[in-house]
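Consider the single chain below, provided in C-alpha cells and representing the form predicted on its own.
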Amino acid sequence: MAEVKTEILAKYKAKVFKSRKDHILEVDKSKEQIIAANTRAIPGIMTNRGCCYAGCKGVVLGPLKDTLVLTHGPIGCGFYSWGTRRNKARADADGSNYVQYCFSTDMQEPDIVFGGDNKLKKAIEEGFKLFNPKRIMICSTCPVGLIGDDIHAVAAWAESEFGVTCVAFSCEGYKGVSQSAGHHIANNGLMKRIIGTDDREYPAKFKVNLLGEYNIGGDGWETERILKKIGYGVVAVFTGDGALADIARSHKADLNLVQCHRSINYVAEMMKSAFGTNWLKVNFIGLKSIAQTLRNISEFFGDNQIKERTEAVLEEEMAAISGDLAHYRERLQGHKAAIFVGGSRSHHYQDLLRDYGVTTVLAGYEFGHRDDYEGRRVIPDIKEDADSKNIENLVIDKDLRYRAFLSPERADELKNAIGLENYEGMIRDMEDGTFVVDDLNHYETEAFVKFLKPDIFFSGIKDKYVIQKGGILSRQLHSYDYSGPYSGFKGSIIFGQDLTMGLYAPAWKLVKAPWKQKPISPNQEGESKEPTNSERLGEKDHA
C-alpha cells in the first residue's frame, strides 16, 4: 500500500510535499513510527480544523447549562459555535439552561475602530436584566485580541458590580495552530477560577468525575445511567449537561474518567497535581471497550461489591441488546470505514466498528497532538514550537486539601494493570497497512477515498457532502446527523441501526463512484507519469 501515499503526495509541489509527508503514516508495528502533528496547516489548503475560540467556547465551555457564556466578537463567531454540536442539556432545579441561547456582543466596524469594552459591559448588563445569571463567562474572538480590549478588567468589573462569578478567556481564534489551543485555555480558566471553590461533600461512597464528555446526542446521559446503575456517584461532568456549580466541587471525586483525551487531559493532570485525584483514560464507545472500562474502574476502587455489580450490569445490558447486535452485525460485517474527526473519536469509534465487523482503513485527527496518536510516552520528546508557547502552562502546587486515594504501591500496581494515568494512543490499536493522517485536507480526502474505497466515511460537516457527492456514505461524528446517543450499550445499537439505514439506502444505486467510470492513475491509460517528489527531492523512499 506504500504506493498510495506516494501517489497522493506526488500531486504536491516540493515545498508542500516536505510539509505533508510526515503527517501521513502507514501503520507498521514492527518499527517505531513518528507522525507530525499539532503544526500549522499549510496556507491555501482546505483544512477541516477549527480555531482556538471554537475549542474554548464551542467545545469546552459552550455545553455548560448554568452559565451565560458570552462571545465578545462579531456575530458570526458566536453563531458558528452555537448549536452545531448538539450538546444536550436539561434545566437545573431553578430552571436555568443557557445552552439553547447564543450570546454575543455583535461587534461592528465602529467597535473595532474605537474599542468594544463599553459594548461588552452593556451586553453583560443586558444579560443580567434578562436572565439574572449566577455565573458568566466571556470568550474573545480574533478582533478583540487585535484591538486590545481588556476582557479580564471587564470581568472583574462585572464581579464587583453584580456579585457573581465572571471569568474571561482570551481565546482569540488565531492563537495556537487549531482549536486544541482553545481547549487548553478553557482548562486553565476552569482550574484557576472554578475547580476547588466549593468544599461541600458529595453523598456517595464511590465518586467519579466524567471528563471530556460533551453529551452530544445524549451520550453523557447514557454513560451516567450505566455508572449510576453500578453504584458510582458522578460528582461533575466536564462539560456536557454540566454545571459550574458541580465542577466547583469536582475535587471531591476519587477518580477522574477521561473520555476525550485531547480536550481535557490538562484538567486531569492539574487536578492530580493539586488534589491528588487519579485519572483513568476510558472509552464508553464500543461494547468491548465499555466492558473493559467498567472493569478497570471497579479494579481501581478494589471493592468486591462494585466488581460483582459491574459484572451483573454487563450481563444484563448485553442480554438486552444481543438480538439487535446480531442483526446489524450480519448486515454490516465486511464493510470498510474511514474516520476523520476530533478528540478521541477517531480512536473510539474503531472499537465500535469492530463490534459490527467493520474494518477501519484510515483514521486521523483534526487537531491531535503526537501523544493522541503515539501515546503519552512521547510527551517528553515533543519539541514545543512558538505557537504552543503562546498558551500558558500552569504550574500547579499541592493544595492543602490534597489527598491520595491510593497508596504509592497500589498506584504503581494499577498503572500496569489498568493503565492508570496513561493513554497508549490510537496507532497501537490499528492494523498494519492501515493509514493514519493528521490534519487531512479536502484533496487528500478525495484521493484516499479513490484509493482505499471505504464504504463509509465518518467526518464533520466541512467534508461530509464532498464525500457523499463522490458516492460514499458519510456520517457526522461531531453531531451524529441529528441522531444518537452512540455511547453505551443502547447507543451502540442506535449506531448500528443508523449505519445500516445509511448503507442500504436505495439512493446509492443511483450514484456511480468516479473510479468506476475512469482509471485512477494516469499510468493505467498509458500516459507518461510526472516525476515523483522523491525523485525531485533526491530521496530514496518517502513512502
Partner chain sequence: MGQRLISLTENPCKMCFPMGVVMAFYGLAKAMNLLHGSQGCGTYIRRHMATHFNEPIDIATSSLSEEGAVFGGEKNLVKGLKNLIKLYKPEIIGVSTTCLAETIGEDLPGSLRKFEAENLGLGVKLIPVNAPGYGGTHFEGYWHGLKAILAGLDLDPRPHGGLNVIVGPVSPADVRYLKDLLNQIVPNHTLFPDISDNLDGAFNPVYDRLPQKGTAVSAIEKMAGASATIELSLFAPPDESPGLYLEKNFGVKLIKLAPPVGLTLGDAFFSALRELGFAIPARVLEERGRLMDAMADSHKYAALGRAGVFGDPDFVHSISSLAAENGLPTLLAATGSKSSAFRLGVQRDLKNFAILPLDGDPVAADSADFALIEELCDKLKVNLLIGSSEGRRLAQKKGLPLVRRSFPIHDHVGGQRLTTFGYAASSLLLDQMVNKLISADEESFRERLKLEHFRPADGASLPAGRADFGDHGNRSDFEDQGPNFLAPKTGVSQVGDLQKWIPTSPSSTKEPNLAPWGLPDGAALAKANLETIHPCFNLEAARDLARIHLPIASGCNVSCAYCRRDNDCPNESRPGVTSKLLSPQKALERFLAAKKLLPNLKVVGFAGPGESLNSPGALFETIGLIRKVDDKTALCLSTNGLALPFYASELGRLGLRHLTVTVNAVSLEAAKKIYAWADYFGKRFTGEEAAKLILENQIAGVKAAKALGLKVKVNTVLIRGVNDHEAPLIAKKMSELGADLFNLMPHLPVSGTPLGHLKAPDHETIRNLRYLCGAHLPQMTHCQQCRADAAGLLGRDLAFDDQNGLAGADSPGELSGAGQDELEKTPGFFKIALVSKGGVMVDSHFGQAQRVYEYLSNGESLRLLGIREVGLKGGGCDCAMKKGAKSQDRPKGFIEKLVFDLRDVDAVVALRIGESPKELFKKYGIKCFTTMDSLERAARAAAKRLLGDQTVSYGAQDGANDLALA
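Note that the coordinates shown come from a computational prediction; the quantities given were computed from them, not determined experimentally. Numbering follows the first chain given and starts at 1.
The same protein also exists as the form predicted in complex with the partner chain; that form is not shown, yet it is the one meant from here on.
Note on the interface: of 245-253, 413-421, 101-109, 279-287, the segment with non-hydrogen atoms within 4.5 angstroms of the partner chain in the model of the complex is 101-109. In the model of the complex, the partner chain lies farther than 4.5 Å from every heavy atom of residue 455. Residue contact check for residue 44: one or more of its heavy atoms lie within 4.5 Å of the partner chain in the model of the complex. Put simply, residue 490 is far from the partner chain in the model of the complex: not one heavy atom of it is within 4.5 Å. Among residues of the shown chain, residue 126 is one whose heavy atoms approach the partner chain to within 4.5 Å in the model of the complex. Listed residues 131, 114, 405, 402 were compared with the partner chain in the model of the complex; 131 is the one with a heavy atom within 4.5 Å. Note on contacts: among 163, 203, 95, 380, the single residue with a heavy atom within 4.5 Å of the partner chain in the model of the complex is 95. Looking at 268-300, no residue comes within 4.5 Å of the partner chain in the model of the complex, counting any heavy atom.
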